[in-house]
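Consider the single chain below, provided in structure tokens and representing the form predicted alone.
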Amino acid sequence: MTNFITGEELGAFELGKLLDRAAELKAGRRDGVGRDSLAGRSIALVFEKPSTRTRISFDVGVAELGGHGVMLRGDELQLARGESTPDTARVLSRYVDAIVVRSGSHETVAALAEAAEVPVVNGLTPLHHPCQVLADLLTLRERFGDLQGLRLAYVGDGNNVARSLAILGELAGVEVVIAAPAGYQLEESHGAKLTDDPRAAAADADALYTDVWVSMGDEEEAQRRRSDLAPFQLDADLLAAAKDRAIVLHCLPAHPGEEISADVLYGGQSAVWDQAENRLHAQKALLEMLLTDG
């Protein structure tokens, strides 16, 4: 594996190995496990869009592995003044050992990966969010032991997170069901089951998952989106349709009272904060896999 753009670059064995290592890194964090894995390595962290979890988890993760993170906003690069994406990739490849990029254009990230001579990691694009789903799978494995045969119901907007859940969930042996209204569903299933019935999706689910209804760039359509997606709120009634042991997931930031009710987000079945922490451990394991022989 040379890049991590959609998650499809991984095989099932590699995914399992990555999650095993993420668990080791988490358990041994305070003991310095992995401390020198990226010693002498520099990672460009390119953030065109605002970020909390992705930016901080990669920045801290690189440091904890002994590497050096070079944090760059989109407007700090000559890309903002018309330098081509391939030329930027060629130059960065002469300076750093890998590039992590969070962008408003999937095409930009794909073009970087094609031209770069070092690994490129998709930190988020409008089409995919594979690093988030690595953390999601780690969280599921912590709670249930084995991923094979689990059922995860995603309800709401069929967005980049839903697409990545479908792709990587299938690879991990997780049954992913995506419930979204007309106009908000994925254009293709990517291995998931698609429905417009949130209760049918939640039935017998081991995990219920949602994301914001109004993402960056959707502000002009906010009122319509909230109206269309209102029947797909992850609330106590929907959670009651799942298994008794079901956990609640949300990639954050959350808007309690919209896509998820406050009592569910902050309730006893929520695994949201473990899920957020696991971004750090999963991404450290990913960087090790891309940059070392481990």
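None of the values given here were measured: they were computed from a predicted structure. For every residue, the number given is its place in the sequence shown, counted from 1.
Just so you know, the form predicted in complex with a small molecule exists too; it's not on screen, but the next bit is about it.
Residue P253 is the only one of G267, G28, P253, P256 with a heavy atom lying within 4.5 Å of the small molecule in the predicted bound form. Proximity to the small molecule in the predicted bound form, taken as a non-hydrogen atom within 4.5 angstroms, holds for one residue of S105, S93, T195, S215, which is S215.
Just one listed stretch, out of 165-173, 109-117, 85-93, 152-160, contacts the small molecule in the predicted bound form at the 4.5 Å heavy atom level, and that stretch is 152-160.
Although the partner is absent here, L124 sits close enough that one of its heavy atoms falls within 4.5 Å of the small molecule in the predicted bound form.
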